[in-house]
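Just the one chain here, laid out as structure tokens, in the form predicted on its own.
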Amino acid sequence: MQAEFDLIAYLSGLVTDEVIAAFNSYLAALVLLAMLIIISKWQGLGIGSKLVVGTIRGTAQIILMALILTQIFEFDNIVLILAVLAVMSLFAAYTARQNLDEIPGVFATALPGILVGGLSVMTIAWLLGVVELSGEMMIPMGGMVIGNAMNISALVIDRMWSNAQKQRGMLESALALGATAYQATELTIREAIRTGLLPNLNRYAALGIVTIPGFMSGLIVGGASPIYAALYQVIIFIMIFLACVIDALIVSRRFLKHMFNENLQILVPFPNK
């Protein structure tokens, strides 16, 4: 009974005036979501259901994560921190698969890229002394790195698949002339990587003038020196770029086995008309 009372008291303590105000704002923001869904349906974008599911799931996930962050932030063991980042990578690969459910092998392709890209960059940054060994720093930064690796994984896979559908004849000609699977898709891979990096390159170029990154703002609000926060924001972008390139190189090569068989025959079906 005492344990139950403590839990109720803890949950009751979370319901503050600040939380109630935020919840009211959240309900009001759902009007914007409804507008987005209406526009999506009107334009035939086909993302309405994903927006609804994503909002519900994302809200539950972010609240759950917020409730346990105080415990996670106390971690100062590299193994525990990397374990948390590995679990985040697992969910990132699962999310990529859900958004590309019509393409085979997305999870098995994306997971190694996200794991290697994200965890290797975070580990190297720690070994170089770029990031201090604390959950408070490594996990939020790792989350941003993994999130961007997930995005470029999905983009590379989607671009390679769609281009194979549209340029099937060109691929078959290249293979017939003796090209390997990678040589036949090399231009597509480069294009996908550049396209995937473009949003972050734009944000990087406009950093501090057009875009005010949340991580930097959070550090400043938390009392950190503005210069300290600004420098760490640049560090994060460098880490993101490196992780994305590593991830994209791994994903693009692993996905080839889902596009071609051992005889270099194209497994990608013709596009639906």
Partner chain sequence: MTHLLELRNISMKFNDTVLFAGFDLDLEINETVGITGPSGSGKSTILRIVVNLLTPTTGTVLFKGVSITEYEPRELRRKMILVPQEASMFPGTVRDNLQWGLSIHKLHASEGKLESALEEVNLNCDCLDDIAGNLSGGEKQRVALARALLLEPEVLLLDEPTSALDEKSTLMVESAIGSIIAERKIGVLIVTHNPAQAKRFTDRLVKITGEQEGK
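Positions refer to the first chain, counted from 1. Given the structure is predicted, the values throughout are model-derived calculations rather than measurements.
There is another form of the same protein, the form predicted in complex with its partner chain; it is not shown, and what comes next is about it.
* Should Asp76 be counted as a contact of its partner chain in the predicted bound form, where contact means heavy atoms within 4.5 Å? -> So Asp76 does not count as contacting its partner chain.
* To do: Look up in the predicted bound form whether Asn263 has a non-hydrogen atom within 4.5 angstroms of its partner chain, and give yes or no.
  => The answer is yes: Asn263 has a heavy atom within 4.5 Å of its partner chain.
* Asked: Might Glu172 be said to contact its partner chain in the predicted bound form, defining contact as any heavy atom within 4.5 Å?
  -> Heavy-atom contact with its partner chain at 4.5 Å: present for Glu172.
* So, in the predicted bound form, is Ala179 in contact with its partner chain at a 4.5 angstroms heavy atom limit? -> Yes - in the predicted bound form, heavy atoms of Ala179 and its partner chain come within 4.5 Å of each other.
* **Sole residue of Gln98, Ser162, Ser120, Gln183 within 4.5 Å of its partner chain in the predicted bound form, by heavy atom** => Filtering the options by heavy-atom distance leaves Gln183.
* **Residue (of Leu127, Leu187, Leu198, Ala83) lying close to its partner chain in the predicted bound form, criterion heavy atoms within 4.5 Å** => Contact check passes for Leu187.
* **Segment that reaches its partner chain in the predicted bound form - one of 148-156, 86-94, 162-170, 128-136, heavy atoms within 4.5 Å** => Selected range: 162-170.
* Asked: What are the residues of 102-126, in order along the chain, with a heavy atom within 4.5 Å of its partner chain in the predicted bound form?
  -> Heavy-atom contacts within 4.5 Å come from no residue here.
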